[in-house]
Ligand SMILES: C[S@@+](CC[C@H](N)C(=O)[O-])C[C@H]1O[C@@H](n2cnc3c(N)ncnc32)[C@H](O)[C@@H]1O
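Shown here is one chain on its own, the form predicted alone, set out as structure tokens.
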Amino acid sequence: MMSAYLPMMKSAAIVSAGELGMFHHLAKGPATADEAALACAASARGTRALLDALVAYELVTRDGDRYANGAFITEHFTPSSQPDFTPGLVWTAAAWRMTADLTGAIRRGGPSVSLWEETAKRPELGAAFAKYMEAIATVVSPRILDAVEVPSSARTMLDVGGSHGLHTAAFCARYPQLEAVIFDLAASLTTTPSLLAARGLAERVRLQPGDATRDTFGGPYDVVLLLSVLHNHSHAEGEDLVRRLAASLAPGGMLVVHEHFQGAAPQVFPSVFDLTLLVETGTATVTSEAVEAWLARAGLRVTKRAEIESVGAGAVWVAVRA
């Protein structure tokens, strides 16, 4: 029981502290439980219990009656963190409530209400998810960029599901000859213009709201980014998406795919992520064999495979149209 109970409560304590803004408050300096409670609009009793649990898990330190963030929290969950993953904790608080229905999702084979249906009803949920994805992209985007070599002849790029714009911004910064289109649902593009403007890319990047399962993409494009998108679709939708994106490529154009591929033997992150998809979207991770078959049937040849060496960071594939 302790192998289930103690990790559960550790996660719960970290997530609650993130939701309350506790780590951000302690980042300003050591504080008593009463001071932290007042700043975070929480009870003194509850705050003391939370902070003492975090001390026990060696995430927060205590000197007398004053508490301070430990090294791990300072590195990852405060305003000085690069990036600050607090949006991930806020999102996990919402995901935690969905995960409470995991048994039901296992029995049904999917969620009673999908994540996308829920975010359509609750904009704040979509905003929390978008901020979390932006934090992840801050870490992963440079690694994807390093795994891909865009030819100097490339001029046009399409980023499907690009929402926050960080991937497009990174590619455009490294390859100044590129002009790009970010394609995503309208609700996912609300904060993108400000990011592009801040990076001086407003004139080089165009936003195209749409539904990737049915809308056209335009083109032809020299580069197409399909980063962490396929697992949000059924396998039939995924193959159709790959086929339509291949058709949007110019001859010699490249499709860059980033995914969390499921291997022949269960691995921790892809397998746990599969459970998350089951309860949130009803979709599933894809195997490398399936994606390779989709690419081949779409007339694309895989020229590079690169694993990103970090838990949950996935792999990057580059495929080229003949």
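All residue numbers are counted from 1 along the displayed sequence. Nothing here was measured: the structure is a model prediction, and the numbers come from that model.
Keep in mind that the form predicted in complex with this ligand is not shown, yet the notes after this line are about it.
Heavy atoms within 4.5 Å of this ligand in the model of the complex are found in one stretch of 247-255, 232-240, 192-200, 86-94, which is 232-240. Contact annotation: residue 175 falls outside 4.5 Å of this ligand in the model of the complex, judged by heavy atom distances. Not displayed here, this ligand is approached by residue 210 to within 4.5 Å at the level of heavy atoms in the model of the complex. Taking non-hydrogen atoms only, residue 223 never approaches this ligand to within 4.5 angstroms in the model of the complex.
Proximity of residue 137 to this ligand in the model of the complex: non-hydrogen atoms within 4.5 Å are present. The single contact residue among 170, 227, 127, 148, judged by any heavy atom lying within 4.5 Å of this ligand in the model of the complex, is 227.
For the partner-free chain shown, 161, 162, 163, 164, 167, 183, 184 of 161-184 come within 4.5 angstroms of this ligand in the model of the complex, judged by any non-hydrogen atom.
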